[in-house]
Every structure is written in C-alpha cells, then in structure tokens.
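Next up: just one chain, as structure tokens, the form predicted alone.
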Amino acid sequence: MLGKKKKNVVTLSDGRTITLHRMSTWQYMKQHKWLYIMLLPGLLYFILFKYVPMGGLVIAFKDYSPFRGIWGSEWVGFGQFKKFFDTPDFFRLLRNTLGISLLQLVLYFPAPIILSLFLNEVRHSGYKRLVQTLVYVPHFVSWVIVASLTYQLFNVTDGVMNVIYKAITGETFDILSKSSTFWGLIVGQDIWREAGYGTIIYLAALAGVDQEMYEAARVDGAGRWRLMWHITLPAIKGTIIMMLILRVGGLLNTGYEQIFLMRNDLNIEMADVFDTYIYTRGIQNGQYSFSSAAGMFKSIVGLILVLGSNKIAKMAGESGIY
C-alpha cells in the first residue's frame, strides 16, 4: 500500500530471524526528491515533444484536410500505406536508405571504437587531451557548414582538392554530382564529423577497466596488441553491443538535413531516402496523410529492428539494452 512500510523477514543460519523494513515507493521518492526534480525537465521534454505528437499519427489512417481538421477528415484505414507501398518510388527509397545505412554500419560504426582504442593507448595525458579536443570539435559544426566545406574542397571548378589534383595529373574528378559516389561521400562526412564525439561513450567504458588486469598480463609477457584484444575489447563488449542494437534500430534513419544539403538534380537517383521523401511529399506538396504513413512505417520497422536485435543479443548471452 502506498505510504506504508513493507516488511521482509530474514532467517539467519543460527535460526534467528530479523525483520527488515523496506521503504515504499513514495518514501523512496521523497527521500531522493532532488533526483526526481532534476529528472523533470527531461521528462517534460519527452512528454511534450515525443509522446504528445504521437496523437497526430491518426492522420496516417485518414485523408487529412487542414480545412476539415483531424477528426473531420475521412477515415481511409490502411489506404495511405497501400498507396505508399504501391508507389514506384518505394523500392528506390528502400534501396538508397538501406544502402547508406549498411555502409554506415560497416564503415562508420567501427570508427569510434578503433579511435577509442588508439586514444586509450596514448600515455602522455596532455597530448591525449589535445587529440580528444581536436576530434570532438567537428561534432559541433552544423551540417550546413559541413556541406559548404565539402563543396569548397571537391568543387570541379575551384575546389581545393581538384586544384591540387589537376596540378599533379592535369585532370579533375567529380564526386559531388555523380550518383555512384554519393553514398561514400555521405559516410565520409559522418566519419569526419561524428567519429571523435562517439569515442566519449567507449572511453568512459574503458575508464572502468581494472588496471591490475593489465599489470598481470604484462607480467605474463603480453604486448599492447594482446592487451587490447584480450582485456580492452572484452571490457567494452557490452557497450559495443548496446550501441550496435541502437544503430540497427535506426537503419531507416539516414538523417534528413545532411542528405538534403548534399543532393542535387544529378545525383538524386541515389540520394533520395525516406527522410527527404517524407519532407518533399509532406511539407512541400502538402500530402500530410501520405507522409505520415511513410513516417509511421519507418518507426514501426525501427521498433521491430531494436526488439529483434536486442532479443538476439540476449540469446547470445549479452545483457542487451533492457
């Protein structure tokens, strides 16, 4: 009962019993009230901006009209979903989204792990802090600036890399307008901008590794590579799996702003993904119900991927994310 103490009776080895008084939920919350007060801003943010807007997903099952409102619009059931799956753009969007996401999973996901392992091997604290600061900085650069830098570097006319390449070979190369190079360009930007910032989680996990294990291994003659393989990597295996599960859950989330800024009429065949398609059809063309159905499809697939990958991780003996 709320507000009432609960009792647990423990029997000792000599036959004596001890009654333990356990605090109720309300008493526990009252005792740690400041922690819950600190939790309120984040909780309110998720309620207002994550959960309340979910009520608007009902328009995915309607032929929504702003003039008739959400409840006055005609109910069409799964009609919008059928229309989305039947559109000739669906498989093109699925190919591009999965292609970019899988490439990110193969090339970008290991980058923070490898960088963290190398940083962990640096013994000079001042140099280590300097390198960490330098690799963190790109994360705080907006995608608009990243796109501008990319154009300044690889522009065919006067891009820095093209100027250097032309001075050496007498030719130029074009990766900004070719469809075949778009996926690699996006993943390269991701690695440059986010790999350093992603090391924070792994370095925090490495900070908890018992140093005596390293000392014992060194006494047995283990070198740096064996220490990394047999101690460091197993120590952060749980963190890697947790981040991998979250990454797999976001396979259909390639990011809207970055791709929208880098696509153009020449590479749009390989650049159009679910996020940009939803923006184009929903905001620019006013097809709110259609774009809501596409967005809900993305969210449901992401949920299934998270639950499925978490289940597989648990079956393999790992803790997962819950």
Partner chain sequence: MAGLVKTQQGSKVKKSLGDRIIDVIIYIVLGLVALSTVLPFLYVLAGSFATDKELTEKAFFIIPEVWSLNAYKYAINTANILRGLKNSVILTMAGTICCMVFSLTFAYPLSKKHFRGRNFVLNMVIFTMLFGGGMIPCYLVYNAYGLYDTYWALILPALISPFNMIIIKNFFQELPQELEDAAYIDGCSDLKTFTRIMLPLSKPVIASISLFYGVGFWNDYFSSMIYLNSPEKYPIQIQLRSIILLTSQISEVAMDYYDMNGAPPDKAVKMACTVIATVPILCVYPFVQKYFTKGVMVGAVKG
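Rigid core: the largest C-alpha set superposing within 1.5 Å between the two forms. What you are looking at is a predicted structure, and each value in this text was computed from that prediction instead of being measured. Positions refer to the first chain, counted from 1.
One more form of this protein should be noted, the form predicted in complex with its partner chain, which is absent from this view; the next part is about it.
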Thinking of 73, 75 and 90 as the candidate spot, does its partner chain come within 4.5 Å of a heavy atom on all of them in the predicted bound form?
-> no
Non-hydrogen atom contact residue 300 with its partner chain in the predicted bound form at 4.5 angstroms = yes
Look up in the predicted bound form whether residue 95 has a non-hydrogen atom within 4.5 angstroms of its partner chain, and give yes or no.
-> no
Taking the shortest heavy atom distance, is residue 219 within 4.5 Å of its partner chain in the predicted bound form?
-> yes
Are any of the heavy atoms in residue 61 no more than 4.5 Å from a heavy atom of its partner chain in the predicted bound form?
-> no
Hey, of 197-205, 178-186, 99-107, 230-238, which bit sits against its partner chain in the predicted bound form at 4.5 Å between non-hydrogen atoms?
-> 197-205
Consider the chain as shown here, without its partner, and state which of 244, 156, 209, 164 has a heavy atom within 4.5 Å of its partner chain in the predicted bound form.
-> 164
Listed by sequence position, which residues of 250-272 have a non-hydrogen atom within 4.5 angstroms of its partner chain in the predicted bound form?
-> 256, 257, 260, 261
Cα of residue 279 displaced 2 Å or more between this form and the one not shown, core superposed?
-> no
